[in-house]
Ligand SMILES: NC(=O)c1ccc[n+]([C@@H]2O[C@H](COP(=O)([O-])OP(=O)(O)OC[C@H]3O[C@@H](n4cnc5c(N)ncnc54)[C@H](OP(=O)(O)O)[C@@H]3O)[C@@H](O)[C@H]2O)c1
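Presented as structure tokens, the chain that follows is alone, the form predicted on its own.
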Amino acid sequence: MTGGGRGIGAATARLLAGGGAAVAVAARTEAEVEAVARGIEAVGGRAISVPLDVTDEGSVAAAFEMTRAAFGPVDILVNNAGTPGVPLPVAQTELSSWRRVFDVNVTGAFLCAREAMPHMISGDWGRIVNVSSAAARHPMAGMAAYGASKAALDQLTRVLALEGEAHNVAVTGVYPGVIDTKMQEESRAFGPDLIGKQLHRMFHGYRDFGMLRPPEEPAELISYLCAPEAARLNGHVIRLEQLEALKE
């Protein structure tokens, strides 16, 4: 579980552990993942905290090695780590900022999937869930890096699905919606002079008009996509609103 120290990642880690999974809670901020792992263990679940920078190839390899040493091979991977970057027009975006968004949102998922896929294929079972965003399909001025990176993640999801299909490895994506997370809090902190009045109003409007949803809601969808019945959804990117229909 990347990005497991807070928000959607922490909620999903708790839900998967409650369902009997042994969970590696991974993120850069060690204090956060340690707190989540301790909370899971306190209620009888199995969890370890794993320091992880998804943009670093060596860190990803070390995280998987640590996880395998504790729990054995990784059968489920949730690529949840992500960043919106600083929402600026393309003309004002620094190359380093553009690359950082792609490194976290796309390359991180690639590196983790590359580590996980060989065992999943050899074991003839696996689940990979990539947490994407509707920004992949709905362009917003000032969000070029974020939207383009999530569109790339969606395509990576589809390609991985094709590569895993013959081996019962189901790869899906999730559009979680507008969720009450620290990422949203950080987005609201950007001033209108930096990101423009339109984006500033949008980020604040999500909160002010009660549009933010709790992270437990997308966690339920992600958990469902980790289950055996998710094989039929291989290659699909699922919106949060579709969860109830999927269960019918």
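We number the residues from 1 along the sequence you see. In this text the structure is predicted, and so the values were computed from the model without any measurement.
We do not show the form predicted together with the named molecule, though everything after this point is about it.
Chemist: Looking at the named molecule in the predicted complex, is some heavy atom of each of Glu32, Asn80 and Thr181 within 4.5 Å of it?
Modeler: Verified in the predicted complex; spot residues all in contact, yes.
Chemist: Evaluate Tyr146 for contact with the named molecule in the predicted complex, applying a 4.5 angstroms cut-off between non-hydrogen atoms, and reply yes or no.
Modeler: Output for Tyr146 is yes: heavy atoms within 4.5 Å of the named molecule.
Chemist: Check Val104 for me: does it contact the named molecule in the predicted complex (non-hydrogen atoms, 4.5 angstroms)?
Modeler: Yes - in the predicted complex, heavy atoms of Val104 and the named molecule come within 4.5 Å of each other.
Chemist: Is there any non-hydrogen atom of Pro176 lying within 4.5 Å of the named molecule in the predicted complex?
Modeler: Yes, contact at 4.5 Å.
Chemist: State yes or no: in the predicted complex, is some non-hydrogen atom of Ser49 no more than 4.5 angstroms from a non-hydrogen atom of the named molecule?
Modeler: Outside the cut-off, so no.
Chemist: In terms of non-hydrogen atoms within 4.5 angstroms, which of the given stretches 120 to 128, 159 to 167, 96 to 104, 70 to 78 touches the named molecule in the predicted complex?
Modeler: Comparing against the named molecule in the predicted complex, the contact stretch is 96 to 104.
Chemist: Just give me the residues of 36 to 61, first to last, that have a heavy atom within 4.5 Å of the named molecule in the predicted complex.
Modeler: Leu52, Asp53, Val54, Thr55, in sequence order.
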